[in-house]
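To begin, one chain is listed below as structure tokens, in the form predicted alone.
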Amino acid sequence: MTSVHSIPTGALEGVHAGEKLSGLARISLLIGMAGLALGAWLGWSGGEAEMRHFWFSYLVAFAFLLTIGMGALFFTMLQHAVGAYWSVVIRRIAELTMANFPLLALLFLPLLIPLLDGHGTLWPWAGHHEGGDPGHAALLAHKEPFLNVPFFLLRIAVYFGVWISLARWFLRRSLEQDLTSSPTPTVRSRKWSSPGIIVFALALSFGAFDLLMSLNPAWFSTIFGVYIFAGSFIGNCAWMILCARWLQNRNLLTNQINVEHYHDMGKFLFGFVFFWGYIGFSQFMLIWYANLPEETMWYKDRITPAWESWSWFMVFGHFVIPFAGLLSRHVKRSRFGLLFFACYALFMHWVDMYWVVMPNMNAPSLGGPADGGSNPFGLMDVAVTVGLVGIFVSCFARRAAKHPLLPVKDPLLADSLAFENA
């Protein structure tokens, strides 16, 4: 593994953030704690109904961050698996992002409260809730050997064990490479990336089934894990673009990341917007065509008066607009254009998680009102999301302040610095 280019003079300037990111870590932690406290207070002071709303909002924010972390882990392993050199200068951002999995495991712990309260506050099967349709009772009884609290917790522990172990292993190899000119750490990463992707894919799919699909325990879709994966990669691509721009605005990585690298990140973002749309349509089309009650109910819950406008917003906002906007090569190479669509894609990924989670709070198929009730979106959702995102950013910034912002001795670094699109 030998580079065909040499590293130019000054190419390694601006790779240590130090105090610039330490300050961000402190500020974002304060903002995060304040947002989370506000959300918890709004839930506690509003009574049982608002407290239930708080837990659904918490799960939305948690799923949003968890999927970004999973997207970062997949991005890292993918680059090693294919031997990509263009991405070396931005790969450390993904590596530092996936290093937040231990934090995400801690952020999952509050969800034990609604899981163990015996009322099925979030997951109806945990409270032995049979749903609004009497026909669901037999389905739930059939799934009880899988959907029960002890086995659920065991599976969640396994998923986080997989994600944390993979993230720590690949980050350690990358940091080892910073200390030696031997390509051995990078070679080991490439060797184990393909098996890692297989294990990761299984953990992501089953994690999506457990955390999100089982919110409506009678519903099932074998493509749901792929749907969540597509959104995860969109979220991570957008996050990496924003991080890179933020760092460069503070005179970090200015000599390393250029328009060519942003162009390829824009390609990834565009490609997975299309892939997400394809998977989302495939899931809908197959369920619509089969017309089985235990499958169609999930979409019926999302075309009630409370959620119909959100569903149309998902079609146009998450697919049509970013697809048309990112189609042009000029936009992907434009500083403002790509930054705008990165912000937009990250916002729409949050909307996607909200659309997946929140309709279950008053779903007709789970005994809720026939019209889906009122749309609950409000200050609490914003506060809880700001809270968890602030804590996530703080942890990311604190770790990034301690390490170089790119793999300084990666054997393909020189090729990455000299990369040009054809």
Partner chain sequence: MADGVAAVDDPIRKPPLVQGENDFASVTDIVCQVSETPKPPKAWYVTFAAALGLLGALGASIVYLISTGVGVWGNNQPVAWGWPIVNFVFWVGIGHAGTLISAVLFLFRQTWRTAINRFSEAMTIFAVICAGMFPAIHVGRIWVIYWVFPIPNQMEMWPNFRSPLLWDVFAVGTYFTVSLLFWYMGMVPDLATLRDRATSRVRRMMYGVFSLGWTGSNRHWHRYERAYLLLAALATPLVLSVHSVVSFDFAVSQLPGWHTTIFPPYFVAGAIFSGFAMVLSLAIPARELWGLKDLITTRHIELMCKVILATGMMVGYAYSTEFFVAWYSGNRYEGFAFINRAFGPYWWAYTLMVSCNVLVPQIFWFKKMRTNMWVVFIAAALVNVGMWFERFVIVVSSLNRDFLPSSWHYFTPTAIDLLTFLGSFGLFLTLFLLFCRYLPQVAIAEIKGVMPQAHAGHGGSAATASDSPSGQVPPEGVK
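The structure displayed is predicted, hence computed values, not measured ones. Residue numbers count along the first chain shown, from 1.
From this point on, the text means the form predicted in complex with its partner chain, which you will not see here.
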In the predicted complex, the residue from R190, R168, K300, H119 that sits within 4.5 Å of its partner chain by heavy atoms
R190
Sort through G317, G337, G271, P102 and report the residue having a heavy atom within 4.5 Å of its partner chain in the predicted complex.
G271
Within 4.5 Å, heavy atoms only: does W86 come near its partner chain in the predicted complex?
yes
Please determine whether P124 contacts its partner chain in the predicted complex, using a 4.5 Å cut-off between heavy atoms.
no
I'd like to know whether E260 contacts its partner chain in the predicted complex, with contact meaning heavy atoms within 4.5 angstroms.
yes
Using a 4.5 angstroms cut-off on non-hydrogen atoms, would T304 count as touching its partner chain in the predicted complex?
no
So if I measure heavy atom distances to its partner chain in the predicted complex, which of the stretches 110-118, 93-101, 338-346, 290-298 falls within 4.5 Å?
290-298
Is it true that L12, R52 and V351 each have at least one non-hydrogen atom within 4.5 Å of its partner chain in the predicted complex?
no
So which residues in 320-336, when you check its partner chain in the predicted complex, have a heavy atom no farther than 4.5 Å from it?
R329, H330, R333, R335
